[in-house]
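Only one chain is included here, represented as structure tokens and corresponding to the form predicted on its own.
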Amino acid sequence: MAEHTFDVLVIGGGITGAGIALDAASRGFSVALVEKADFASGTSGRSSRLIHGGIRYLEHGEVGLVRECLRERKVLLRLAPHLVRPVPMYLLAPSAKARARYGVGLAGYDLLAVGRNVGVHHRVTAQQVRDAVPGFGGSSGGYRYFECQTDDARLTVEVARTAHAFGAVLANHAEVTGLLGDGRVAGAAVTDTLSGEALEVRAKVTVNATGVWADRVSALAGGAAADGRPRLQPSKGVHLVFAPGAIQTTAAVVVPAAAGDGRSVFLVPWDDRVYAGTTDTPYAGDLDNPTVETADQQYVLAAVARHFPAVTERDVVASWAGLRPLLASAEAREPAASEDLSRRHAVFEGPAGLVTISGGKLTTYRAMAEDLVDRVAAAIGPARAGRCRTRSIPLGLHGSAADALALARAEAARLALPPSAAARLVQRYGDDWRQAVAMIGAEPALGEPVIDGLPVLKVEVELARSREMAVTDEDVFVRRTRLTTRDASVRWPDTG
């Protein structure tokens, strides 16, 4: 990176930064990206793992945002069918008032999704809810609709890998310690956090895509808001993971929060486990290490136990906390409630040479990147730039996921691997399931679990290091394989 001057330097290796790197590189710009920790180590690896249309945003009149989310959900389902998969959602409506309210909202949701819907909603009886959710302890009917589920960290890594395939140069564990230039930002001073080596990366345009850290990076160039107030108001979201069998369900369930605050808690199947969340509380603590406090756990657990009475805190095997980079209200004198803040994104230009993007959602990262790169292209020189191509660039899988799965199962059977291993390899690696199977064929021990009783295979650890720039054990076991999300008591095995 230090040997060249790039068209674009992206600071931040979350989904937004990776998306910007892909968009810019696919248009023909030279691109570098640096991330102080690991790809998806912040918000992009700690979300609700849903690619959703944002039905609740209709309550706040965010019709345009909902329409954008629904469009982008359909795009991602097409670009990454192995990583983004439909999931049925059961929305409980215990009263006539709730049924009327949800029915109107879902009708509007389906109307906005015409031509790009995953599935049309319909009413379900209490018995139909019990059939789909055997562990449900209530007697409420409601509605069934559809969203999409993903592994947010894996999606981020796949977007980053695709950007690299288009020529972008990327580095994790590379922290920006200052911005270059005198009056105009001309790149960044970067330190390798593993070796301590310092270098300079020069660029015509520097993009601040650091999420909840955006105000800090802007401050390096004197780019604070005009009135000195922060542009961001972080909000913490907490999720709990429950042991296998603790919550019996074949679909995601949306239940009212027990706190009576009008919020809902999502219970989502994840292989043999279920995770539940999320909270939405203003946050002013350590941005690098948000933690799950007792109050956070009790909030989520109360909503779960209200509808699954047998569930207790002893069933919680893991948890995670993430921070949403919400845009602070420009007019408000006092911080607004987190749920009242828009999930839209915004782009701020200035000082010269620096462009900052804040806010937004996992679902809309591609549209956010397109918006920002359009502006960057105008600054660098529109004659050099092609049009945005990311609506048609596959993210790791070319062709049908069903076809890939059929082929993978045949190969898995040949190697005496269970069908579940074939599905896992396709759903996590797309076209590279072939590489994984070839590695297992050459070294059969790679087809064994990393830890007995968990589905993560030893080949995944090898792929994390050789395919996905995983450097530390945390990179491998927290984000690439998600072992710690399954069980917080897991001790990282010695992988060399």
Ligand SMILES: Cc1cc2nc3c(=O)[nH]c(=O)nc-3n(C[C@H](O)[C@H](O)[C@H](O)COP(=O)(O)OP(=O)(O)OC[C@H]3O[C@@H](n4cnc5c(N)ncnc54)[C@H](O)[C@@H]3O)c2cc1C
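For every residue, the number given is its place in the sequence shown, counted from 1. These numbers come from a predicted model, not from an experiment.
Same protein, other form: the form predicted in complex with this ligand, not shown, and the subject of what follows.
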According to a 4.5 angstroms non-hydrogen atom cut-off, is T206 in contact with this ligand in the predicted bound form? no
In the predicted bound form, is there a heavy atom of this ligand that lies within 4.5 Å of any heavy atom of R49, even though the partner is absent here? yes
Given that the partner is absent here, does G430 sit within 4.5 Å of this ligand in the predicted bound form, heavy atoms only? no
Is there a heavy atom of V317 lying 4.5 Å or less from a heavy atom of this ligand in the predicted bound form? no
Residue within 4.5 Å of this ligand in the predicted bound form by heavy atom, from G396, P256, P81, G322, is G322
Considering F146, W213, Y299, F136, which brings a non-hydrogen atom within 4.5 Å of this ligand in the predicted bound form? W213
Which one, 401-409, 307-315, 357-365, 90-98, holds residues whose non-hydrogen atoms are within 4.5 Å of this ligand in the predicted bound form? 357-365
In the predicted bound form, residues of 8-24 near this ligand [heavy atom within 4.5 Å]: I11, G12, G13, G14, I15, T16, G17
